[in-house]
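Given as structure tokens, the chain that follows is alone and in the form predicted on its own.
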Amino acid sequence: MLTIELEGRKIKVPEGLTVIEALWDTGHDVKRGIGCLSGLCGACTVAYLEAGAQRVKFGLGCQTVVAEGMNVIMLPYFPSRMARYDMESMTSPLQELADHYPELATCNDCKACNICPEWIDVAGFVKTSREGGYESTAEKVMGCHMCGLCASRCPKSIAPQYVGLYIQRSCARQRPIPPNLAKRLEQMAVLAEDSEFAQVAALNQAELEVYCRKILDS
């Protein structure tokens, strides 16, 4: 058993648990701020101080394993502004970045946003965004979980996670569509397989099992 301070209360928990598991083990009915439990959604951001340390670290509650003497809290979702836009109607969405996120120009590169639990260089991609390095930015934010922790620290009210998402979408829209994807989209648009779907939907349980086995064996 380990002794930790969890949500302001000293408790004993079994060794090897994640923060989320420790909360559940001690009777905390945690539902808000819990997502995929796989380190993908970014909903369960935590702040923790290791025993004997002075610097607070950040992580995901479903991935951060508790340790003796750890002081840890769950962080609430931080509200930040997300621009509303219809990218399909834009001719050059990257050229309209400043229109949707004008606060980006106020960044003074203080690097307060560099507290990403996934170790993304947030200040770095904010800088490349301002300088027009959009493809570089899109690559840097591939691992973003949209937890918003970076936005909670920005003195200029910039939401880097939403800026990165806008740039990712813009870059993807301006790249040529792969031929296999274009073909599939055309098939979906004309409902080319509707008749087959209708036949499958009409099958009973036994017929559906036979159909699925046939597909797997082919």
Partner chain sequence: MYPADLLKSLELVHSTRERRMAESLLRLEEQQRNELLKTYHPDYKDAAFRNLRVGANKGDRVTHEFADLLESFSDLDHARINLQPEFTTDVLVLGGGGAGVTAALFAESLGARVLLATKLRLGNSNTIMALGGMQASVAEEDSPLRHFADTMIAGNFAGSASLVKALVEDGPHIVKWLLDIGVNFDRNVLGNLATKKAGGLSAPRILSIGDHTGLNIMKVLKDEMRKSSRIELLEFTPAVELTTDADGACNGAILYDLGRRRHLAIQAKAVILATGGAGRLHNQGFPTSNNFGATGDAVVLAYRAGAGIEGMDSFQYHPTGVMFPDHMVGVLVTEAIRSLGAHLVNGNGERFVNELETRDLVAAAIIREVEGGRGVRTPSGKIGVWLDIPVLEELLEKGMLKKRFPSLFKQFRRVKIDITKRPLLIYPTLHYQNGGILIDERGESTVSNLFVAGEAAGGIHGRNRAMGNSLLDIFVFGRRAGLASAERRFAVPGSLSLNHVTRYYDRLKSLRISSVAKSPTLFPEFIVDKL
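What you see is a predicted model; the values in this text were computed from it and never measured. Between two forms, the rigid core is the largest collection of C-alphas that superpose within 1.5 Å. Residue numbers count along the first chain shown, from 1.
Unshown form predicted together with the partner chain; subsequent notes refer to it.
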inquiry  = Only one of these stretches, 123 to 131, 78 to 86, 92 to 100, 107 to 115, has heavy atoms within 4.5 Å of the partner chain in the predicted bound form; which one is it?
reply    = 78 to 86
key: Contact assignment for the partner chain in the predicted bound form, among Cys62, Met70, Val46, Ala151, heavy atom within 4.5 Å   = Cys62
query = So in the predicted bound form, does Leu17 come within 4.5 Å of the partner chain, heavy atom to heavy atom?
reply = yes
query = Hey, in the predicted bound form, does Ser38 get a heavy atom within 4.5 angstroms of the partner chain?
reply = yes
inquiry  = When the contact criterion is heavy atoms within 4.5 Å, does Pro176 count as touching the partner chain in the predicted bound form?
reply    = yes
In the predicted bound form, His28 touching the partner chain (heavy atom, 4.5 Å) = no
query = Mind listing which residues of 146 to 184 have a heavy atom within 4.5 Å of the partner chain in the predicted bound form?
reply = Met146, Leu165, Gln168, Arg169, Ala172, Arg173, Arg175, Pro176, Ile177, Pro178, Pro179, Asn180, Leu181, Lys183, Arg184
ask   = After a core superposition, would you say Asn180 shifts its C-alpha by at least 2 Å between this form and the one not shown?
value = yes
